[in-house]
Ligand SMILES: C[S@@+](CC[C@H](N)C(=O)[O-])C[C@H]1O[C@@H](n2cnc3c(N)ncnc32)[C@H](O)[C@@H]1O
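Just one chain follows, in the form predicted on its own, and it is written as structure tokens.
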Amino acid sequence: MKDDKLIQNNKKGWDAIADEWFGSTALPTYAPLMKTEDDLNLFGNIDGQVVLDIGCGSGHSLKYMGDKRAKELWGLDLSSRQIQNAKQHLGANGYHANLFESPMEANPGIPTEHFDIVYSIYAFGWTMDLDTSLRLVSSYLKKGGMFVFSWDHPLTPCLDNDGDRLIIAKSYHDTGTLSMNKSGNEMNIKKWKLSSYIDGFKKHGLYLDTLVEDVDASVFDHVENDLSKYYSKDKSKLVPLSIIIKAIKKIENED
């Protein structure tokens, strides 16, 4: 598999920190400081829908879908510990989900053209191979089905602060692998541009339906005086730190 060493390193890291992130950033929340599903209603009526969660973590977003009467719950996560936590959390709340421990860059046995909704809440950006991951997402969806995901705004990794000034410290145009440290664990992500996602949608039969950059209105009521935090309210008043995207799988002969 492409970038297998990086994927395995990320798996090791997430296995180590999974418990720290139990329940973190889950529906109806899409991203730090952003509008929620209660505000946006991107999914519409979930009752009777077949859903797949890419990067399902501890299963809290799948529980949200179950509470909204989804017909089938499916999930995939790189981390064995995350899958364990998801099984326990969903089981404790009376839900069964078809869960797979796997990188999103491979299909571990998920049926194709089966899902009304594929979604990923602050997880899809961990892909090491965007083209392959988008191809697989498209293959899982029924025609007319939706893909909804949230992630860092492509500008966010470029930002830094110089005292009380927000600056562009890295080129937006440069893509590649970025390293990070989470609780002492070295992990990696790939830096993509917004056009990387849009071009991938087009290549794999998806079209952009909605792009959300709106932060929650409450951030404008608070002053932190701290631009050094990665997700700072003061930063988010100047630029969106996250994006939420909804794409639809094209129906044959649809323009």
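Numbering starts at 1 and runs along the sequence shown. Here the structure is a predicted model, which is why all the values come from computation and not from measurement.
What comes next is about the form predicted together with the ligand, which does not appear here.
- The ligand is not shown here, but in the predicted bound form it comes within 4.5 Å of a heavy atom of residue 56.
- Within this chain, residue 154 is remote from the site of the ligand in the predicted bound form, having no heavy atom within 4.5 Å.
- In the predicted bound form, none of the heavy atoms of residue 140 sits within 4.5 Å of a heavy atom of the ligand.
- Taking the partner from elsewhere, residue 134 is found to have every heavy atom lying beyond 4.5 Å of the ligand in the predicted bound form.
- Residues 116, 146 and 211 are none of them found to lie within 4.5 Å of the ligand in the predicted bound form, as judged by heavy atom distances.
- For the residues 227, 26, 219, 70, the 4.5 Å heavy atom test against the ligand in the predicted bound form is passed only by 26.
- Think of it this way: in the predicted bound form, the ligand has a heavy atom of just one of 102, 98, 93, 161 within 4.5 Å, and the residue is 102.
- Just one listed stretch, out of 191-199, 211-219, 58-66, 37-45, contacts the ligand in the predicted bound form at the 4.5 Å heavy atom level, and that stretch is 58-66.
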